[in-house]
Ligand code: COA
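The data below hold one chain only, encoded as structure tokens and taken in the form predicted alone.
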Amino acid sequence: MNLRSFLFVPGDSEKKLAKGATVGADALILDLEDAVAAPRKPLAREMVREYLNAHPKQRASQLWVRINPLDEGGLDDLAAVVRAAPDGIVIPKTHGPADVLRLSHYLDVLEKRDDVASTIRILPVATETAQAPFRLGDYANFDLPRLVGLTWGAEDLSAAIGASTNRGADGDWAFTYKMVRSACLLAAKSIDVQAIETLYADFRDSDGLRSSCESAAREGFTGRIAIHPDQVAVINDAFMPSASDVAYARRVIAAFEVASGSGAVGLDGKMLDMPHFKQAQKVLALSEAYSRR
């Protein structure tokens, strides 16, 4: 199932955990990494585990956990939360698919230890180190059945490479980050998993967020990270195929059905071939999946 909105929620804030459940995000990411100060991480692990236990599987939003990097407390995070069966794990600062495979092996063992019946999925932040962008193409060479998507991040990458900013003079992403973003999108598509757009930092700029989301959706991204509850509704709406998109997709499919056996059809004065047919099918599948949510 595709997920449009992933809302970060600090794992050590009872108030924000309670608020997160009410805003309609497709998934909450209960954060044990950047949103939690080092002295509070043991407390956050306990709070997240208790929150997961208090919200069984029949819930409106999926519940994911962002752990710390595996060599910086991430294994301790896993040992604490896997027994409460989160829907997925977000792993930050990965260097490549080998880190995802390593996490998969840990989950194999911990699910067995804790008798977890469901399979815990994985979403890596796949571009936060200087090495990681060069290894995005390697995901196609690994068997990673837990992997549901790839997302990218600009803030940690700029820190990793010593950049003073990740923006150009026009306010858009600088070239390095445009390149990394595109590579992440292509890597996700090459292995048929979700491409998740990075966060939009100005949570008060709803118009800018909507424009950015609509642009990302046109490019092929299927969801986005949110850092504030007010962003969720905008993200959900922007990544939901519009009524006009759905109507056109139905017309495309109908045209191919009428011309049964033909690899190309005419519609509105344009010639359409099989890529258009497949895209129309994807639009309808996304619309149906999101409507059920």
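In this text, residue numbers run from 1 along the sequence as written. The model shown is predicted, which means the values in this text are computed figures rather than measured ones.
A second form of this protein, the form predicted in complex with the ligand, is not displayed here; the remarks below concern that form.
Between the ligand and the residues Met47, Ala35, Ala27, Ala255, the one pair within 4.5 Å by heavy atoms in the predicted bound form involves Ala35.
Here is the short version: of Val265, Ile227, Val246, Leu70, the single residue with a heavy atom within 4.5 Å of the ligand in the predicted bound form is Ile227. Look at 163-171, 198-206, 144-152, 130-138: in the predicted bound form, residues with non-hydrogen atoms within 4.5 angstroms of the ligand sit in 198-206. Interface membership of Leu3, defined by any non-hydrogen atom within 4.5 Å of the ligand in the predicted bound form, is ruled out. The closest heavy atom approach of Lys270 to the ligand in the predicted bound form falls outside 4.5 Å. The ligand is not shown here, but in the predicted bound form it comes within 4.5 Å of a heavy atom of Lys19.
Proximity of Val9 to the ligand in the predicted bound form: non-hydrogen atoms within 4.5 Å are present.
Contact annotation for the candidate site: Lys15, Asp31 and Arg66 all lie close to the ligand in the predicted bound form (heavy atom within 4.5 Å).
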